[in-house]
Every structure is written in C-alpha cells, then in structure tokens.
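So this first bit is one chain, no partners, the form predicted alone, shown in structure tokens.
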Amino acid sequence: MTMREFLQLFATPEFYAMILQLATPLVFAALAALVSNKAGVLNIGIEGAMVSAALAAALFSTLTGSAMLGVLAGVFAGILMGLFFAFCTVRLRTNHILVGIATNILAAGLSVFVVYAITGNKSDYPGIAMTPWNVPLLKDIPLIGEVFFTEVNPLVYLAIVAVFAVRFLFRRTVLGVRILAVGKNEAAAASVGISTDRVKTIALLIAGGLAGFGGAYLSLGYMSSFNTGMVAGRGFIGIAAEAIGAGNPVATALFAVLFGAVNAFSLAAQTFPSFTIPYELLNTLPYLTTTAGLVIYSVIRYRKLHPRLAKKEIKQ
C-alpha cells in the first residue's frame, strides 16, 4: 500500500462507516462481558449467545416477514443462553469456564443442526435485512453526516445508547450498585441482605440480551442472512475489549471500536493493488491486534500491581 492509497483510505467516509458497522457487534459483546464481570462472573459464553441470537434473528425474521421481530427473537435467544449460563454457574455452582465452553459448543452445534433440518444445508439461512436510517438535515453534513446519519442501521445507534445506559446502570441505580457489591465481595453483599444469586442471574440475563443484540445485528444488519461462521470470535474480542477497558463502559466501547477499525483496515487493504500481503494474513490482523492489546494490558497491570517485582525483573 502506497502512502497515497493510505491517505485516501482515511479520507473516505465509507471507511469510517465500515468501522461503525464492524464495531457495533463488538460493542455489544464487550458490554455483555462488562456486565457479567461486574457481577463477578467470567462469561466466555458470549460467543455462543451471539451465534444463537444471529440464527434466531434470521429465522424469525423470515418466518414473520419482519426484521424487528427477528431482532426481538435474537435478543430473546441471547437471554435464554444467559439463563442457561446462570442456571449452571449460579444454581449448580459449575465452573464458569467450563460452562462457557459448553455454551459455545452447544450454540455452534445446535445452529448447524437447525439450519440443516430446515434447509438441507449446513451453513446458511436467509434473513430479512433491517432498513437503514437516513436522518434528514444531519445527513447533509460533510463527512460526519455521511458516516453517522446516512444509511445507518438502527442497532448502531442502539449500541451507542447501550454504552451510556450501562454506565448509568452502575452509577445511578440500585441494581447496578448491588451488582458491583456482589462482584467485589459476595460474602459481604450477602451479609447485608442482598440475594447474590438473584443479582448474578439478572446480570447474566442483561449480558445475554446485549449479546443477543450483537448477534441479531450480524445476521440482519451487517448481513441479511445467517452463516454458521459469521460470529467468528467476535464474542472473545469483546471480552478482550472489556478487559483492556478495565470495567469502564466508555473505554470498553472505544477499544471495541479500535478493534473494529483494525478489522475495517484489514478488509479495505485487500482492495489496493499495490498491497501484496496475502488476504489470509490480513484477515488475522484483528485477532493479532487483540492478542497484542491483551499482552500490553497485562504487562502494564502487572507492573502497577507489583512495582517492586517489575523493577527487579527489568534490572535482571
């Protein structure tokens, strides 16, 4: 890629619009991870919840002829997966990691089975795409209007609202304070009369609903069909964004947008004739960036928590 092509890429509104499209499911996944972690639950089943939601959204949008009902079905599917996760981890006291792995495997296998049972193929199911919004007057603003107010999926706006809604939840509501209390010290929260199991379950249901929005967006917003591999690790990238964002909803969303920007760059770079790197390698760029971000975050966090040990290691 020449410098001219690089500058042209960052000067086009289409590139920034692509970032919004690719970052939206990551924001939902990251917020789902944040709500779960605030309750003291490591929820790696977000990936499975997104897969189930994407399939349910496509399936019910086709059956009902309504994209909106498809989205609601996707959210409901995400909540059901959150309920399953809560039942296993909260009620049965099963290991969080094992339940997360089981949830992801269950969702992946079940989606293939359902698609094959209905269509006879094992990968695709059509859906009804959501109608994008054009905001009058605002869409005429140069660059900003083209990116944020022209042909924008409604769930993109909902993702932005969700960031501040989650922030409001933990700062201004009783439920949010209880979730934080349970996550920080479950025994202390129980000693003052808080039902810790109920609070954890509610948090996981909220997380499932957020993951459901992310999955529904993939099959009805980003695409107009369901594909068994369409989630493609976005749930785990969202978990990484939440970890780097250190529990702050706004910072978490910004890191999700950053990973979306890397993904957009990897796709856009494939269109430039002067760029000779194989597209298979470019497609790994978002995952490599996620890994690098987690490593950097872990090193910084380790040095903050153990400054003396870090200084000794540097000297050695």
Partner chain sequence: MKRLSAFVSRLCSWFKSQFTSRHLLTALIEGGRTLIAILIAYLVAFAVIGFVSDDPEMAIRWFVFGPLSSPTEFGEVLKNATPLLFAGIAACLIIKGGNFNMFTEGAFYAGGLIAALAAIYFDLSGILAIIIPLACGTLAAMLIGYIPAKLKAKYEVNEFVSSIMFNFIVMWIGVWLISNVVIDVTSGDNATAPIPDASRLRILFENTNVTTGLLIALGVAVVAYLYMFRTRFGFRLRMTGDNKAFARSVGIDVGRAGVSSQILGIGVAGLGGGVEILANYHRFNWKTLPGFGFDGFMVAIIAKNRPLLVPFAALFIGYLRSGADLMAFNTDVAQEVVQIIQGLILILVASEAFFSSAWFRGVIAKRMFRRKQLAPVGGVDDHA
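Because the structure is predicted, anything quoted here is derived from the model rather than measured. Numbering follows the first chain given and starts at 1.
Below, we turn to the form predicted together with the partner chain, even though it does not appear here.
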Which residue, V250, L288, M68, L63, has a heavy atom that falls within 4.5 Å of the partner chain in the predicted bound form?
L288
May I ask you to choose, among V166, I239, M130, A159, the residue with a heavy atom within 4.5 Å of the partner chain in the predicted bound form?
I239
Can you check whether Y222 is within 4.5 Å of the partner chain in the predicted bound form, heavy atom basis?
no
is_contact(L92, the partner chain) in the predicted bound form, heavy atom dist at most 4.5 Å
yes
Does T12 reach the partner chain in the predicted bound form, with heavy atoms at most 4.5 Å apart?
no
May I ask you to state whether F170 is within 4.5 Å of the partner chain in the predicted bound form, using heavy atom distances?
no
Is the partner chain close enough to L22, P142 and T271 in the predicted bound form that each of the three has a heavy atom within 4.5 Å of it?
no
In contact with the partner chain in the predicted bound form (heavy atoms, 4.5 Å), from 210 to 218, 148 to 156, 177 to 185, 80 to 88, is stretch 80 to 88
Within 4.5 Å of the partner chain in the predicted bound form: residues from 110 to 126 (heavy atom criterion)
L110, V112, F113, Y116, A117, K122
